[in-house]
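Take a look at this single chain in C-alpha cells; it is the form predicted alone.
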Amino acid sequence: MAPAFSALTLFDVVLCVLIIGVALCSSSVRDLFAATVLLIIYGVFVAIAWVRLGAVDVALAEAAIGAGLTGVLLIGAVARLKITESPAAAVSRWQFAAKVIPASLGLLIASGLAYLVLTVEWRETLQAPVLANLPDTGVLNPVTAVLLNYRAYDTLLETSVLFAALIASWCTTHDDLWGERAGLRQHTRRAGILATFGRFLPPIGLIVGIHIFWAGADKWGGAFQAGTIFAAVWILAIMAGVIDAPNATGRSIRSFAVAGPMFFTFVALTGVLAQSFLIIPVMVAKPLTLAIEACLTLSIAATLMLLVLGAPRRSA
C-alpha cells in the first residue's frame, strides 16, 4: 500500500506545481493568444484536480465550460482584437503597476485562503443534513439535490445571468443585420477533416449528453454538463456545414434559450401557493426535478451555442 500512496502523493504534488506554474505563466505572458492557450491548459489541470478531490460534477463543468467553451470565446476575442502597440515597445511605469498590483492582490488573497484552510477548525458541514434529507429531494445525487434545494436561489440566478449575457451579446448587433443568422459563414471541404468529424461526432455527443443529463439525478452529471455537451455538438455541426446557424429572431431558438429560467421561475412562484418561494413538494420532487433539469439543459445548450457563435454578422 505504501508505494501506491506515495505515487498518488507525488502525482498530487506535481499537479499542484503545474497548476500554479501555468497560472503564473498565463498571467505574466505578454502574447494574448499564448495567455489564452495557457488559461485553457490551466482549466484542464484544475478539472483533473477536482477529479482527485472526488468532485466529478465540478470537474465536468470545469473541463466543459472553464477550459472548453470559455477558451473558444477567448480565442475568438483575441482574433478580433486590433493590437495597436508594437511588441517591442517599452513598458511604462503605469503598465508595470497595472500588472504588479493585481498580481500582488491575487497572491495576498491566495495566501489568506491557504491560511484559513490550514488553520480554521471545521466543526460542522452540510454533508449530514443533505444526506439525511436526500430522500425528500427525489434524487440520489447530493450535488443535484443541493443545486435545486439548498442552493436553488443561486442556480436560478446563474441561469438568469447566462441568459442576460446572451442578451448583452445580441445588443452589439447592428440594426441592419438584426434577423440574420448568428456567427460567420463557415466554408468547409466536403471530404475534409472538419466535415467528416462534423458528421461522425454529433450522434456520439448526443448520446453522451443524454446519458450525462439522465444520470445527473442519481450520480455525477446534470444540466450544466449535458447542456455544454449539446452546445459543443451543435457548434461542431454548424462549423462542418451539416446544419445552418439559427436565426436570431427565430422562435424555436428563443424558446430554447428562455425555457430554463422561465420554467424554473414558474416552479418557484407556484411553490408560494403551497409553502414558500422555491419550494419543491416532496410528492412530485422527482418528476419536477427532472423537468427543471431538462429545461435548464435546453437553455444552457442554446445560450452557450449562441454566445460562441456571436451576434448576427452575415446574410442567410
Partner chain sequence: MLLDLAAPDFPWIALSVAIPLFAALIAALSSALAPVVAMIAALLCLGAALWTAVLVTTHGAQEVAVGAWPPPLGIVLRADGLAVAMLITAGLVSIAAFAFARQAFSARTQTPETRSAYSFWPLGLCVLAGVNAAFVSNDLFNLYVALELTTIAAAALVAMSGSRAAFEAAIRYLMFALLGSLFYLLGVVLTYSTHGVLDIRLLAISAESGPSTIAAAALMSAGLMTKMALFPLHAWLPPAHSAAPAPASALLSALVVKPPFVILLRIWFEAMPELVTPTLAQAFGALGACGVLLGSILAMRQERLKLVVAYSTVAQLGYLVLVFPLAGGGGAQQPWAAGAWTGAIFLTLSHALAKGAMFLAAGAFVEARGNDRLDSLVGLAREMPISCFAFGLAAVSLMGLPPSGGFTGKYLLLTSSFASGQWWWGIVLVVGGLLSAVYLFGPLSLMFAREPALAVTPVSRARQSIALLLGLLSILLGLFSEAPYRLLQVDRPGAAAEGFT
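Since we're looking at a predicted model, the values are computed, not measured. Positions refer to the first chain, counted from 1.
The protein also exists as the form predicted together with its partner chain; that form is not presented, and the subsequent description refers to it.
Residue contact check for Leu156: one or more of its heavy atoms lie within 4.5 Å of its partner chain in the predicted bound form. Within this chain, Val284 is remote from the site of its partner chain in the predicted bound form, having no heavy atom within 4.5 Å.
Taking the partner from the other structure, its partner chain in the predicted bound form has no heavy atom within 4.5 Å of any heavy atom of Ala291. Remark: Val130 counts among the residues lining its partner chain in the predicted bound form, judged by a heavy atom distance of 4.5 Å or less.
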